[in-house]
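Take a look at this single chain in structure tokens; it is the form predicted alone.
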Amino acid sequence: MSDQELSPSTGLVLAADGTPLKTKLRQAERAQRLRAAMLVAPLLLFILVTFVSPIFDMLYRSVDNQLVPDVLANTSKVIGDWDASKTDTPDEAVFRAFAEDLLVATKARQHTRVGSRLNYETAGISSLFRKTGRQIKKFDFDQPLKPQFLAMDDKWGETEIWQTIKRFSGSLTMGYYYAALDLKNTADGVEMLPENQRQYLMLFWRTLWMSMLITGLCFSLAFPVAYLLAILPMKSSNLLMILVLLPFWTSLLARTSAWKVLLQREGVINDTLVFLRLVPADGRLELINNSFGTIVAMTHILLPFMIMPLFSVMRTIPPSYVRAARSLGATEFTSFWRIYFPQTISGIGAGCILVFILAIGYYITPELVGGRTGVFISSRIAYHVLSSLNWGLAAALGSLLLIGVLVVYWLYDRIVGIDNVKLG
């Protein structure tokens, strides 16, 4: 009996079990797609848990302000009606709501957390909250509370304190981003901090231009090395490639520490220069704990990431193309620039985007050899995560860094085209 037969009533081709053949094919395709999805499901789950979820958590933390409205619930409701342009301090209703919230928060030991959170925006609030938390039980709630606050500490009469509480009375805030961009949210609007108080914009700019410089240096050094690897016989090329990959056999920390030994004032390089009398003994060069040390160490560490994409693309370029150009009368430079170099653009693009993205987020090397003038924004993010515990500001800085990388990626796609990026 045939596996297929024609239905006399509908004219459809039927399978052996009487199901229309088209339906049977769709079921088979659906089962195949399901099996393929099950195969990649563990990888997708791993990416979701370790990559996508942390990014969304970082983006949420950068605007999260749930602590203040939760602890100061009554204050957050009534302080919105206060207009700082009309009165320097809120009215009695706001002070009473704040006193009730602070009394409850003190019993739950939450007032110090709120004070620490608001202290990120206005210095002195943390100590003011702790001091008031110790005295709030002595307040007479049957009497007006505003004079009691002012009598206890005249800082409660400062407009900036109440403006800060008002600005952060919502569940979401842009305050972390203002701080990350060296902006200050005042009653008159958002203002840029004075130049001598800006720190994050300077770090972002330093991170950007140094990453671009490191990428350019890696390209300048990697291109001739990759070209040599591509034109040498396979045996010699493989041997040299082992030497290129040799640094990966050593930990990043050990390689960075080795540069500290080489670049320090009493290090190998300075000793050699003094021995050759290129520099005087009392005029040793400052090669470390500055931007120069960061650039040298990171260029060495990231160089293989530029060589490998270039080599893998150059290896696929037939040598006959250049020979044909030479046989048609082109000079050696013209044949290289007009024939060979354009075919390496995909490898150049892959190497540059890889090195730049790695460089812009580097932490260990700038921290160890960068000193005060060679650190990146990643060091400041680590400081807020590990030391100051200002995770919101750290998340905002990380989000801005992510946005910057995406903008560079978009510009690269517009100028070069991400479809041209290949690894051989």
Partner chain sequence: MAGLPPYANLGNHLWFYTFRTICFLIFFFLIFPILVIIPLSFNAQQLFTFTTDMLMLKPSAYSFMHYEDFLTNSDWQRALRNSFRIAPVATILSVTLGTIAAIGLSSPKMPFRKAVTAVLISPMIVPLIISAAGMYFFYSKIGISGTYWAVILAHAALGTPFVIITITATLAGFDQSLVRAAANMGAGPIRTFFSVQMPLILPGVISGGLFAFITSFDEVVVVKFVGSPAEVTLPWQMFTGLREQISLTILAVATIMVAISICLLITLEILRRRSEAMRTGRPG
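Positions refer to the first chain, counted from 1. Everything numeric here is computed off the predicted structure, so don't read it as measured data.
Another form exists, predicted in complex with its partner chain; not displayed. Remarks below refer to it.
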Can you tell me if residue 409 lies within 4.5 angstroms of its partner chain in the predicted complex, counting non-hydrogen atoms only? yes
Quick one: is residue 169 in contact with its partner chain in the predicted complex, heavy atoms, 4.5 Å cut-off? no
Determine whether any heavy atom of residue 258 comes within 4.5 Å of a heavy atom of its partner chain in the predicted complex, and answer yes or no. yes
Please check if residue 364 has a heavy atom lying within 4.5 Å of any heavy atom of its partner chain in the predicted complex. yes
Please determine whether each residue of 69, 99 and 183 possesses a non-hydrogen atom within 4.5 angstroms of its partner chain in the predicted complex. no
Only hit among 332, 195, 91, 191 for heavy atom within 4.5 Å of its partner chain in the predicted complex is 332
Taking its partner chain in the predicted complex as the reference, which of 345, 221, 201, 78 has a non-hydrogen atom within 4.5 Å? 221
Residues from 238-252 in contact with its partner chain (non-hydrogen atom within 4.5 Å) in the predicted complex: 238, 240, 242, 243, 244, 245, 246, 247, 248, 249, 250, 251, 252
